[in-house]
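Quick heads-up: it's one chain on its own, the form predicted alone, in structure tokens.
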């Protein structure tokens, strides 16, 4: 590693540690703190304001966050005193069945997607014009986030909704034909918009993108850029989408994100890595680690598989060491992102059991 790379790694780490101290002060102080974390501080025999001086301290001191609390806790427990009296939005995570996990928020999604916008080229995502989102809207943060991203770039956005819970239910119960019919229904709605409106940019999932490409030439429809997220994207899938569906004529931006993290950006020029996509978290607002399955405090070696762990570090939400339902390969930092990346993300446990992903 060169001296310049070492310096950038050190700078990124120092910036992260400073940000951790700021966020811990915010959530654990009596003036601005969050009831959940003030209650936690009163229950332990150490002072978070003194003990947490950097990210390593956070990993050592906090256990993995219990995600069930996002199903069970009253929202009021998660309102920082600094945000008292402000109405909040309520977002659901993922597309599973049963009581959904929920988080509240104010402006995080705007900050996340404005930062992401800086990574989009004006060539493929020109400012002004119209976008189309084909994906889950409803209670998910994605709908507001995509519209804000379009608006931030001077554009407006059309929407075609899909219900991932319904698709998963159909697939799980063996009703594959009904799932295909529902996908066709979604694609037909998108085709109508593309026929009658001038759309230049598209967000959707890999499977919907493939189904849309089976019906029309996406570049000939006027689409200049596509960003795509949701279900697993293997290198073979990414190459197929770029070469066959987008005909190497449309900018393709794979994304990895969720309600708790925001959006992770991909390492540029993934074609040079045989279409294996590596994502980098939006540090310092969020940190991704790839951990040993039997000891989540330990990282796996670079180039090996493990379970993805997410820490959210914003003034709206402090969520330490949340184990995602994802597996990934831990990757080295790159010039654009001087911290670890995650590659070839897929559902955790996919090798041992059948995972129903649906279309999102």
Partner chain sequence: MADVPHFPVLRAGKEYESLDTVELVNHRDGTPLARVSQANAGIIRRDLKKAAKNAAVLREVPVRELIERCQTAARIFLEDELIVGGEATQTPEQYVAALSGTSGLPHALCRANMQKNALVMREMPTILAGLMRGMDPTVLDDGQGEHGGVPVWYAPAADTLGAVLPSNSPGVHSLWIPSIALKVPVVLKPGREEPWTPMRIARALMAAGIPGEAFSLYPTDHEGAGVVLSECDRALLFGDARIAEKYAGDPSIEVHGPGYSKILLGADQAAHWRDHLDVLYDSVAANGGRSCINASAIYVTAHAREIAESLAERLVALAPRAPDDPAAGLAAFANPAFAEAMDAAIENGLAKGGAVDVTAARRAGPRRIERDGATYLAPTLVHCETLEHPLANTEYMFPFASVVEVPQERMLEAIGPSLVVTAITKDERFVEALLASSSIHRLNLGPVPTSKVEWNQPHEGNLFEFLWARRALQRASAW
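Small disclaimer: the values here were computed from a predicted structure and weren't measured. Positions refer to the first chain, counted from 1.
Unshown form predicted in complex with the partner chain; subsequent notes refer to it.
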**Prompt:** Quick one: does residue 239 come within 4.5 Å of the partner chain in the predicted complex, counting heavy atoms only?
**Reply:** yes
Point to revise | 4.5 Å heavy atom contact, residue 245 and the partner chain in the predicted complex | key: yes
_Just checking whether residue 213 would be counted as a contact of the partner chain in the predicted complex - the rule being heavy atoms within 4.5 angstroms._
yes
field: is_contact(residue 275, the partner chain) in the predicted complex, heavy atom dist at most 4.5 Å
entry: yes
The stretch from 213-221, 195-203, 77-85, 147-155 that lies within 4.5 Å of the partner chain in the predicted complex, judged by heavy atoms, is 213-221
Checked 129, 235, 139, 100 for heavy atoms within 4.5 Å of the partner chain in the predicted complex; positive is 235
Assert contact residue (the partner chain, in the predicted complex, non-hydrogen atom within 4.5 Å, options 168, 267, 207, 285) equals 207
